[in-house]
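Quick setup: one chain, the form predicted on its own, written in C-alpha cells, and binding and motion questions come after.
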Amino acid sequence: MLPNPIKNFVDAFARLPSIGPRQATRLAFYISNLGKAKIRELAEAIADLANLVTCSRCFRAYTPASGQDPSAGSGQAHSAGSGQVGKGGLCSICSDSTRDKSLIAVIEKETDLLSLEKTRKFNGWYLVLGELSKLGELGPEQKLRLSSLKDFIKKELSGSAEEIIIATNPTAYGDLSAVTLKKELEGNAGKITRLGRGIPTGGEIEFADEDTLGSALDRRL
C-alpha cells in the first residue's frame, strides 16, 4: 500500500531511538511534502555524517582537520558529535594540551559530554563508553574502551590518573553500571568519584540544565 520510497524510509528510520514505525511513517510523508530542494538538503545533511570519525582516545565523533585523512582516527563513521575539528586521530578535546589529562570523566553518551561541557566546570578528558546494559553489565565494546583507557593511564600517566569521575545517570541502571565500572577501574586513579546528586534520582545527564550539572560536578562523591 505504501509507495516504495516511503516504505524504504520507514524501514530505515523505524530502527532509530524513539522513532518506531508509526512515527517514521508520519515523518516520511512530512518530508515528502517539503519539496525537492528541502529533501536534497536533508539528504546532504545525513550523508555528511559519514565524514565524522571516532576519536582514538575518547571514542567520540569529530570532524577531521582539513587535509586529514579520516582514516587517521579509528576509521569508523559515527552518528553524533559536536562538529569541532580534531587532528592527528584525536578530537578537539583530546588534542587540547591545556586540558587536565589526569582528570577523566567516564560517560555513556556523546550528548552527556556536550551537556558537561556547557557547564564550563570540567577541564579534563572523557571516555565515551556507549549505551550501557540495563543489567549493569559491560559489553565487548565497553570492555575494549576501558582497556584502551587503562593503557593510556599506564603509558601517559605513570599508571594512575588523579581522578576518574564515573558520570553515569543517577538511575537504578546507572547505579548498577557505576558499581561495575568502579570495580573495573580500581587501581587506575588516586580517587574514583561519581557526580553529586544535584541531578535528581531517575534523571538523565543529557537533559539536566547547566546549573544543576555544575552543582553535580562540584559535589561529586
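Every value quoted in this text rests on a predicted model; they were computed, and no experiment measured them. One rule holds for the numbers: they count along the sequence shown, beginning at 1.
In what follows, reference is made to the form predicted together with a further copy of the same chain, a form of this protein that is not presented.
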Problem set entry | a further copy of the same chain contact in the model of the complex: T25, any heavy atom under 4.5 Å | yes
Problem set entry | Contact of G35 with a further copy of the same chain in the model of the complex (heavy atom, 4.5 Å) | yes
Problem set entry | in the model of the complex, A61 touching a further copy of the same chain (heavy atom, 4.5 Å) | yes
Exercise. Is the gap between L127 and a further copy of the same chain in the model of the complex 4.5 Å or less for some heavy atom pair?
Worked result: no
For this session: Tell me, please, which stretch of 46-54, 179-187, 164-172, 151-159 lies within 4.5 angstroms of a further copy of the same chain in the model of the complex when heavy atoms are compared?
Result: 46-54
